[in-house]
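Before any questions on how it binds or moves, here is one chain, the form predicted alone, in structure tokens.
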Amino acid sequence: MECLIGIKFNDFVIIAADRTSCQSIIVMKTDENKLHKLSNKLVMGVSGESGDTTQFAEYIAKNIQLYKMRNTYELSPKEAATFTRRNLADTLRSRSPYHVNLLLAGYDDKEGPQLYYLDYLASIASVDYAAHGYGGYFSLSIMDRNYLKSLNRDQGYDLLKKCVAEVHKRLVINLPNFKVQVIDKDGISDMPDITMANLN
């Protein structure tokens, strides 16, 4: 029932997550934050079982901060993605695996913007754009058609709005609000939430 969308461009990455928290067929809240800040230029979007998502995101965030304190420098997005994938793989082979799907978006001073797709089976891929959840069935085709690496911030945000508009239009499940963040050389910044009101 959840939806994560991430798109990488030449100078920045934009990531969005719906804000709906459900239990079975009941909507519990519509202001849940599924985008977790891991470091100054790294954000993780998490979907899955509600307990697993919170616990796993906090565990990864705290370990990345601990690494920075011990070594006086931060993990790059690629290193953080590999560390996250290793933790998923280890718990997958235990009695208590995490049922979480992730998008990891970050900016590396040497390699530029990066976006990683990870799922609960601990697979990992570096991608230009990706989506998790039922909304991905609609948004991936829109990104296939309209994606250009050279788009600027406003154009990237408009592309994301097209994806969310299609999710609103086609998906039987109600996902009214999406939180949006941009990661670039200056760090993480919030964009206006995409809601039913500002799409109309």
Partner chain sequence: MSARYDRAITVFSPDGHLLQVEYAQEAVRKGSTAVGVRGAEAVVLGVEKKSVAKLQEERTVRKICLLDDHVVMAFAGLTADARILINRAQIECQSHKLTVEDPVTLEYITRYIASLKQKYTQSNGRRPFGISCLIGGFDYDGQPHLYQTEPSGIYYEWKANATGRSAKTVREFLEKYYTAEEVSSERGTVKLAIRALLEVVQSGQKNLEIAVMRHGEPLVMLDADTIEKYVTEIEKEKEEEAEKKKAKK
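The structure displayed is predicted, hence computed values, not measured ones. Positions refer to the first chain, counted from 1.
Just so it is clear, the following notes concern the form predicted together with the partner chain, a form of the same protein that is not shown.
In the predicted bound form, at least one heavy atom of Lys68 sits within 4.5 Å of a heavy atom of the partner chain. Contact check for Tyr134: no non-hydrogen atom falls within 4.5 Å of the partner chain in the predicted bound form. Taking the partner from elsewhere, Lys149 is found to have every heavy atom lying beyond 4.5 Å of the partner chain in the predicted bound form. Proximity of Tyr157 to the partner chain in the predicted bound form falls outside the 4.5 Å heavy atom cutoff. Of the candidate stretches 51-59, 24-32, 164-172, 136-144, only 51-59 has residues whose heavy atoms lie within 4.5 Å of the partner chain in the predicted bound form.
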